[in-house]
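In structure tokens, one chain follows: the form predicted alone.
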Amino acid sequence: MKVLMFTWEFPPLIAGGLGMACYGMVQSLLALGIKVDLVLPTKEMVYFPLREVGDVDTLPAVFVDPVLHKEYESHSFESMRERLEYIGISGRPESYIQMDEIVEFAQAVREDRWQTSFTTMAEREVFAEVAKNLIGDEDVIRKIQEYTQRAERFARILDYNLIHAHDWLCYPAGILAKKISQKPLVVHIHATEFDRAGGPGNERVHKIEHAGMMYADRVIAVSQYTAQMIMSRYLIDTAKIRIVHNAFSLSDESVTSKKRIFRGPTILFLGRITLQKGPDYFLETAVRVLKKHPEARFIVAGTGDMARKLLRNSASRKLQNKFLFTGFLNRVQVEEILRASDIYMMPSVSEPFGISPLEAMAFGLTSIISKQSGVSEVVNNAFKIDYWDVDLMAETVNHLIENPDECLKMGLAGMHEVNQIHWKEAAEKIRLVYSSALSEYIKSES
């Protein structure tokens, strides 16, 4: 089986949990013998034919233009980083586009062009919805426009059995690839706009999410929490929804032994500093805990649109060097900060899954997670608290600081539990999703 996969993140292209989820997932799919042609938002027009398990780390690339590919192969790169920079992969997900391409795209997605040769009225409506909501000058919309343009080329020249698109940024690409190839489409919901915005959010994103799920043959939700969301908010047919929980696997090079930065207890927030992740609740918890335990240190690791607000609020509360910001961290730095911490907090307002708690637990951190999360469905050795219950969060942190042996015991139990949650099982479930979608496709063609 060969899959054409569209995703916005894949190591070293990481902004959040999506990248690490795709890494573990693809690695295990390859181990099952499933071949993957991976398409990322790169500077150059390339795709990544992944065939062996180790390919997830080396990312072999193929340029669509044979002349450029020959030139690429003739280069001698001193490091993998230099090679990936040549292709146009940086440490954060981004892509590049010229203004003349924007004009071309606007013409390409005009409704009159996208509304021809449709087999059903439902298909016509899906393409009209995508076309209407992908016209715009915002930076992220431009990047999606470019990515979708490229998808048309990949859909025509590559050989594959099925298409797998991750989250709304890649749904237009998946929709277009299905239309061109008539192959089954699986869309993966890692987070909805309701989750990211903590409420109604951007209507255009909702429309694209809805179009992707309506047009897909199968919809993979990362938790029961997310499945309920897409059934109630998007009215997606339950017959096409499958639940596959995420997992987490440490690399063989990971070192989990503690290496402290501060003498006192260290409490960590690791993730995007956005409304969805509840960083303001982390701050309020810190204010309460520091009154009783001034020796504690709270660390915010990540970036996001609430970073400045959180920084100002921490300054106004005079938390000074007891509430620290690291900014964006690469994989090595993430592991360093996990080794230096004692307690992990994820007070997310709405979290479809949440891979970072699994990562923290794998490093032996005692974790406090939001009840409003998918990960709470799969772990037992963590404290599960409503995101808004700051008083209970503070009481729990104080209790753990005052009872270090109990904190250590809970952390070790969590580490053992997470070590039993493997991508192998998740990949097998995804293989079954692929098989059922292909089976229906074959029947419809016969």
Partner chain sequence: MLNVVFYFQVHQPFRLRHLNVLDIGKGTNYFDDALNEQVMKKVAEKSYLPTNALLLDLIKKHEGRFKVAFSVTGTAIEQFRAWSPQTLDSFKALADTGCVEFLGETYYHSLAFLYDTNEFLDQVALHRELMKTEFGQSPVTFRNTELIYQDSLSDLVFEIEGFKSILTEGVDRILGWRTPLYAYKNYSKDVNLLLKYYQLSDDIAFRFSNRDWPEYPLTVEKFVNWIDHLTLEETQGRNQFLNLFMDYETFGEHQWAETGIFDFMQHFPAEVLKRSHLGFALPRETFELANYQQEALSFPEPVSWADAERDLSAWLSNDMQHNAIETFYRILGRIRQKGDPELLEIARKLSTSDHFYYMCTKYFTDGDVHKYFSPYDSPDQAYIYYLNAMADIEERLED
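Positions refer to the first chain, counted from 1. Nothing here was measured: the structure is a model prediction, and the numbers come from that model.
Heads up, the form predicted in complex with its partner chain isn't pictured, but that's what we're talking about next.
Within this chain, R233 is remote from the site of its partner chain in the predicted complex, having no heavy atom within 4.5 Å.
Among heavy atoms of E284, none comes within 4.5 Å of its partner chain in the predicted complex. Remark: K318 counts among the residues lining its partner chain in the predicted complex, judged by a heavy atom distance of 4.5 Å or less.
In the predicted complex, at least one heavy atom of E336 sits within 4.5 Å of a heavy atom of its partner chain. Contact with its partner chain in the predicted complex, defined as any heavy atom within 4.5 Å, is confined among 178-186, 224-232, 262-270, 201-209 to 262-270. Interface residue among L158, L324, A131, A197 relative to its partner chain in the predicted complex, by the heavy atom within 4.5 Å criterion: L324. Between the options I241, A362, L84, L329, the residue in contact with its partner chain in the predicted complex by a heavy atom within 4.5 angstroms is L329.
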